[in-house]
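As a starting point, one isolated chain is supplied in structure tokens, in the form predicted alone.
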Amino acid sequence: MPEQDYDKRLDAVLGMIARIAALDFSRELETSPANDMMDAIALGLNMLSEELESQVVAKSKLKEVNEKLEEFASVTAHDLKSPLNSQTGLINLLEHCLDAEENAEAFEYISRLKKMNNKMKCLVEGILEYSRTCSLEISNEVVDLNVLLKEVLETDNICKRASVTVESKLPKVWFTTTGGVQVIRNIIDNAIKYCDKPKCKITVKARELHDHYQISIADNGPGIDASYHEKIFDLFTKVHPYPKENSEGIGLATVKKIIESQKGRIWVESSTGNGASFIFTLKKVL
């Protein structure tokens, strides 16, 4: 084969590789009657281009479906808030109009209605929080985790509900302040909700690795069976059916969404009866 033809075919192959890298699948390489090594490479690249195009299209459709579902969840939750608030007002008015001693049975039903209504409101608020996280335009900055933890402890009055120990000074990371508060708040709230001990004890610590930090928030609760270690980060998944407070199984799904948006990951280390450690990674400040 003339050297000029070989160079031309090689340039075509290199051009095809560049187009694939740029996600341009609009062209394919021509093959020659020679059926040589260059033709084999061309056929392979054509097949790779076709396969990648189908995957990109499928991923694009999946993203579009997810975005529509998230938008639907947000709109639906907003639409539900108004009638729920009206319902709360009517229940309170009915309770005010009745005499508790003369209508003991009715008051029992009203009490159940109020609990059901509050549970529904918690669910709607949880869906709204999750949908806001999905659509959040994240603005990263240098975040001091010590400051975020202190804010959550003071704002939520955690020290009256649990004993919190920070084993070492927490690092500054590349994160979002709003997201950081949500992550810390949800994990600590879960520890308190599900604690089966007279006093909830929470331990926070950090470990420095090559290009990121590993943050751990551990509790002395009932623990989580290994079969639930992945499932608990799915929407509406609850491991323990009877928490001390309302829990709709949305908090940890929101936490996972935030952490993964930062290219980090989160997991749990636990066994039944031995508490749980929620561990997540965050990038170092470069």
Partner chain sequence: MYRESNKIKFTLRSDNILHTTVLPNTVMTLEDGLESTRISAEMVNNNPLPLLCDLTNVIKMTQECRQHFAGQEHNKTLTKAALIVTNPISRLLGNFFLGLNRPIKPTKLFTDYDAALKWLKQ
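Positions refer to the first chain, counted from 1. None of the values given here were measured: they were computed from a predicted structure.
Only in words, not in the display: the form predicted together with the partner chain, which the text now covers.
This chain is drawn without the partner chain; in the predicted bound form, the residue among D234, D225, E50, E260 with a heavy atom within 4.5 Å of it is E50. Three-residue candidate spot G89, L93 and C97; no residue lies within 4.5 angstroms of the partner chain in the predicted bound form by any non-hydrogen atom.
Judged by heavy atoms within 4.5 Å of the partner chain in the predicted bound form, the contact stretch among the candidates 252 to 260, 213 to 221, 226 to 234, 34 to 42 is 34 to 42. Mapping the unseen interface onto this chain, S60 falls outside it, with no heavy atom inside 4.5 Å of the partner chain in the predicted bound form. Within this chain, S26 is remote from the site of the partner chain in the predicted bound form, having no heavy atom within 4.5 Å.
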